[in-house]
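Shown below, as C-alpha cells, is a lone chain in the form predicted alone; questions about how it binds or moves come after it.
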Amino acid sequence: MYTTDKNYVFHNGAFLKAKNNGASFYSQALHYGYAAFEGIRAYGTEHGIVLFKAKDHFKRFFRSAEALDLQIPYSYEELIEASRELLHRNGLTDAYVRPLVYGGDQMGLVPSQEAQVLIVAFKWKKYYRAPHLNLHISPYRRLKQPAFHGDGKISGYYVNAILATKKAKAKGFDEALMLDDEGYIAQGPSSNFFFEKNEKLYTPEKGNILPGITRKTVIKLAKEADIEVVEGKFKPEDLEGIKGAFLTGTAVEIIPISSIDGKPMTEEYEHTMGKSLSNSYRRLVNLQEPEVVYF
C-alpha cells in the first residue's frame, strides 16, 4: 500500500528509495514507541498542489518532539520544502504526508540523544471505507494529562488508540469513541468528535483531547456560518436524541456518524450541520488562503 520500487522517502537529509532502507533494529522508537509524528494532506487544485495547514502541522511536530526532548536538526521551513520535493519525486498530487522523528539506538529507558527524521508520502484517498460510521463507546480510556503529553502526536500513545479501534471492530462497529478517565467523552482514537443538538454544535473541550488542526478549522468554519459552537464536558447520556455527529482529522477530514452503540442519529446527514461544514471544508482545501502552502 505504502511503497513501490520507485518510491522515495526523505530520511535524515537525503532522499532514499523507500524499499531496503529500514530503521535500526535497536531504535527506541521500535522497542518503546519513542517517537513523534504528524499527518498532512496534500491536495491537487486548480491553484497547484496545496499542502494544507503545513506550518501549523510542522509547528506541532516540533512541539511533540520537544516534549520527548528530541531535537529536530531542521527548521520547519526546511521540512516543508523537503515535503514539496518528496511529492515531486514520487509524482504525487493528492497524497498524505507523514513526518516522523524518532529516537536513535538506545535499549535502555534513558532517552536517546539522537533524533532521526523521516518523511514519507503516499496516496491515501479515504481513511475509512464506509461512508458513514457506526461508533462504539470504548472500554479503553484516553490517558489523562499529566500522565502523558496528550496534546502532541506521540507514537507510543497510539497503542491505546489501536486497541480501542480493534475492540470496536471485533464487536461489529466501524470505530471507537473514547472517554477520559472521568467518563467524559474525549474523542475518536485518532480524530475529534462533534455532535449536533438543540440547534448547536458541541465538541469536547481541550484538556484530555488532541486539539486537532482540522477541529480548529471546523470550529472557525462553523462560527463563520453563525453556528454556535459549545466546547465543554459531556457524558455519554448527553448524546441522547442528537441530530447528527461527525469525526474530524487530517486523515479522515470530516466523516459522518450514523449511530453510536446502535442508537441512530435523529436527522439524515444531508440535513445536518456536519454536511454543511463538510461542504465548506471541501471548498476551503481547494481555495487559496494565507495558512496554506502552494507549490
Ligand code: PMP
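Fair warning: this is a prediction, and the values are worked out from it, not measured in the lab. Numbers follow the displayed sequence, beginning with 1.
The discussion below concerns the form predicted together with the named molecule, not included here.
- Think of it this way: in the model of the complex, the named molecule has a heavy atom of just one of Pro204, Pro99, Pro189, Gly103 within 4.5 Å, and the residue is Pro189.
- With the partner omitted from this view, the residue of Leu87, Ile213, Val120, Leu221 that lies near the named molecule in the model of the complex is Ile213 [heavy atom within 4.5 Å].
- Residue contact check for Arg60: one or more of its heavy atoms lie within 4.5 Å of the named molecule in the model of the complex.
- In the model of the complex, the named molecule sits beyond 4.5 Å of every heavy atom of Tyr128.
- With a 4.5 Å cutoff on heavy atoms, Lys153 counts as touching the named molecule in the model of the complex.
- At least one heavy atom of Tyr158 is located within 4.5 Å of the named molecule in the model of the complex.
- Between 262 to 270, 249 to 257, 26 to 34, 223 to 231, the stretch whose residues reach within 4.5 angstroms of the named molecule in the model of the complex through a non-hydrogen atom is 249 to 257.
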